[in-house]
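First, one chain by itself in structure tokens, the form predicted alone.
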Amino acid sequence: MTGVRVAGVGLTPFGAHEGRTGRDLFAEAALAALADAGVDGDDVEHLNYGNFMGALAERQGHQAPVMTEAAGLRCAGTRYEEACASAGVAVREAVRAIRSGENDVMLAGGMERMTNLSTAEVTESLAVAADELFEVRAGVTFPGAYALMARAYFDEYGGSREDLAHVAAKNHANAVNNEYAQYQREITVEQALDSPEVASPLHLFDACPITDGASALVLVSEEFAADHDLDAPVAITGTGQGGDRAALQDRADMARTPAATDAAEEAYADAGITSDEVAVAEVHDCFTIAEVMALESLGFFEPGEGVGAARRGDTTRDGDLPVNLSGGLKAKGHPVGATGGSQIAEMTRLLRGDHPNSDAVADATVGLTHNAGGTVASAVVHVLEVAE
């Protein structure tokens, strides 16, 4: 089984891209990834593309051939939809295809265009990732669903809004120097606490923004990298996927995310490592409580200990385990179909040493990305390592 290298990464700035189409955004990211890799588009054998709500936001289904053309490729493509984990699944399947020997060169990533819709329209569109029969018809939205998860966590383990505010402040601080981040400015814990309530106990600064953006990765076999003398020091050595019941009321414990645990355990076993060996992580913080639950599900903290990690400094850039040095979904932004690819692009840059926050993890050789869909009914985890 061949190894998989990240030969190139490409991102658009995350934020509002008024007047631009989704295909234009993805083309920008794809061409940047190909240029970063030094690989010709004609060498790409398949496109794995993640998108969630394009049929709602742009009235465009059947997106894979549209995006293949936009990227200037001459291969077939497949669109993956797994809510906010769409690009993570697209990358995972590309890794599996290269390992199997089916392909040597693949382009993987995703795109979402959201800001052309109103906030109410985006909220309604995102809600289709919940259980339509048993949640959406009852009026459940994702801010409300994650508020229920936060309440369950506080009831079971303790914690406070101040703990969550430290997560928000940390991730905003990390985004300041990231040229791709939607919000390149700091906020204080007090500002987070004083922001308007959205769904108790979550406030405005506990939530990620509405975002346009695209991500792309050029993934190649180790043999192709060697034969073409590519500078591709970062390898994807572990991949895992987990699932859970879509509706919160069908779960045994709303304060836990077992899909992420299952995905992490599979990825760790695949890479031959343990959670203790991970030096830096990018996790799916669509809401601040989501970062807390991710840290525990990934094995970094015991249940009930993750909520205070940012406040204690454990997960800050100077902590033992820096988390979301990109700014995370919270401050970098969350174009849902692109996020999983963006996390891997950011981790690759961190490990290569060309990210503005690489100095915080200068000696790191093992990183992890965690991408979740819905209320973590779907989860994808990847382990990245410096191979040379």
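All values derive from a computational prediction rather than experimental measurement. Each residue number is its position in the shown sequence, starting from 1.
One more form of this protein should be noted, the form predicted in complex with another copy of the chain, which is absent from this view; the next part is about it.
Here the marked residues 46, 69 and 130 all reach another copy of the chain in the model of the complex, each with a heavy atom within 4.5 angstroms. Note on contacts: among 161, 311, 228, 79, the single residue with a heavy atom within 4.5 Å of another copy of the chain in the model of the complex is 79.
This chain appears without its partner; in the model of the complex, the one residue of 319, 38, 353, 65 with a heavy atom within 4.5 Å of another copy of the chain is 65. Of the stretches 243-251, 177-185, 277-285, 203-211, only 243-251 has residues with a heavy atom within 4.5 Å of another copy of the chain in the model of the complex.
Not displayed here, another copy of the chain is kept clear of residue 104 by more than 4.5 Å at the level of heavy atoms in the model of the complex. For residue 149, no non-hydrogen atom is located within 4.5 Å of another copy of the chain in the model of the complex, even though that partner is not displayed.
For residue 12, no non-hydrogen atom is located within 4.5 Å of another copy of the chain in the model of the complex, even though that partner is not displayed. In the model of the complex, another copy of the chain sits within 4.5 Å of a heavy atom of residue 100. Of the residues in 345-375, those that come within 4.5 Å of another copy of the chain in the model of the complex through at least one heavy atom are, in sequence order, 373, 374.
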